[in-house]
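Next up: a single chain in structure tokens, the form predicted on its own.
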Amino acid sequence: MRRTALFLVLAAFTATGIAAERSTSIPASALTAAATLRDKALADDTGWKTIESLTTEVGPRLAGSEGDARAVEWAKAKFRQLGYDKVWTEPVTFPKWVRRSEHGEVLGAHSQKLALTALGGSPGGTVEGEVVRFPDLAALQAAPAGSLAGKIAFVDFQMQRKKDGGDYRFGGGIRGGGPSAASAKGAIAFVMRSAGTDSHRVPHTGMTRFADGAKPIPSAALSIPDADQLARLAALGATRIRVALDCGFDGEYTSQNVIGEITGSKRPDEVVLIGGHLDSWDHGTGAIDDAAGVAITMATGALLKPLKPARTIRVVAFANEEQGLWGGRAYADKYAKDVAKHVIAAESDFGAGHIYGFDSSARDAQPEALKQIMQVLSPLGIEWLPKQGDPESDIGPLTQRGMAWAWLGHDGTNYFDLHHNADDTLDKIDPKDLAQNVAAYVVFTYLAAQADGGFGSAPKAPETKN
């Protein structure tokens, strides 16, 4: 190698090293502006008007449905109404699952109806069989091969209330893996206690997927009182039930990620990404899941526009999160080459409860900048909780490719009373909590946009499986 070339390589390496070690900071003027805007956001009703509009004018938004199509048009119009500089859509194609009808009942001497709902991804069918109860997924998985031939598996695990919603890993895990496990043991159908914490006769739906080679079987969730009833009946002796589901996949559908931008005044090619998912399940109006996230982040961009943020603020209303992160994965595929330009991202997809915690993937690399952000967040009752957060739902695929993330953690104590059921409606949203959410997102987003330096976003090769 010639000396000149060697010098240039070493110089480039040194510059890269300096850049990597540079400490990010936030100007004092930005901190002052963020505090003022925080207090303004607490008294602003843009978030409330937006969530009211989406849940009222569109209602349920099952991916692939007519409501989904109306939601896309609503989002484009709302971004424009809120004054966003750019608004566009990007296609997201996925298998279309439809729900037509569902019915369950106990047969025989104790005959009675059961409140249940088909799990997303379930095939249709009408089956009758004896119920075999299991206390959890592990017990079902441990059942002898063939022991459920001609029978209906019933997993009866009760989720507990937790501020961080941590028990959902069990409830959601049963929903995702239970039907395949039941099928593998010979069951003709699968039912589960809903992945929820309420006491109403409103079953909670949600997606399941059958493992490669597993025979799809009708799969449903019972409301929690009905699960209690079925458990008592099973304890009395052999109990037969009928499950009748008219549902299933019906071709493909193309929806849209809907994107709005406030163009950066100084560094327009650098993006602070926020958002929520536009789709919902079909029983309620998807207020907590996730009209709240869409409203919080749409309102954030609108409130920040007059301040002319240095970086571009991009808000994404993601398509079809509920059935497999389809919008988030499509976004990651499209923008994988632009990871470094996505300075940091945060997503709101855990309702509209009071935000109590803040964390970031930059916790070790840029502690001083995060400390500055916390100074403005803390008056909202938000604590610094390192290593307690994670990137939520649709931003996950791009964080896996190297994008930095932040977590603004909602109090989820009551979230699973409403999650994926008919009670997920606007009246469950507390306007004061929603305003606090918007204020928190305004602070984080603005300070990230004004920061001198980044938060660690850099391309990362996807992990390979051996």
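Don't overthink the numbering: it's just position in the shown sequence, from 1. What you see is a predicted model; the values in this text were computed from it and never measured.
The same protein also has a form predicted in complex with a further copy of the same chain, omitted here; what follows describes it.
Open item on the list: Please determine whether S147 contacts a further copy of the same chain in the model of the complex, using a 4.5 Å cut-off between heavy atoms.
Closed with: The answer is no: S147 has no heavy atom within 4.5 Å of a further copy of the same chain.
- [ ] Give a yes or no for T55: in the model of the complex, does one of its heavy atoms lie within 4.5 Å of a heavy atom belonging to a further copy of the same chain?
- [x] Close contact exists here: in the model of the complex, T55 approaches a further copy of the same chain to within 4.5 Å, heavy atoms only.
Open item on the list: With a cut-off of 4.5 Å between heavy atoms, is A365 one of the residues that contacts a further copy of the same chain in the model of the complex?
Closed with: Residue-level check for A365: no, no contact with a further copy of the same chain.
- [ ] Would you check, heavy atoms only and a 4.5 Å threshold, whether D228 touches a further copy of the same chain in the model of the complex?
- [x] Yes - in the model of the complex, heavy atoms of D228 and a further copy of the same chain come within 4.5 Å of each other.
Open item on the list: On the criterion of a non-hydrogen atom at 4.5 angstroms or closer, are A109, H200 and H283 all touching a further copy of the same chain in the model of the complex?
Closed with: So, yes: the whole triplet contacts a further copy of the same chain.
Open item on the list: Based on heavy atom distances of 4.5 Å or less, which listed stretch (415-423, 396-404, 434-442, 36-44) is in contact with a further copy of the same chain in the model of the complex?
Closed with: Correct option: 415-423.
- [ ] Quick one: from K266, R80, R232, R169, grab the residue that has a heavy atom within 4.5 Å of a further copy of the same chain in the model of the complex.
- [x] By the 4.5 Å heavy-atom cutoff, the listed residue in contact is R232.
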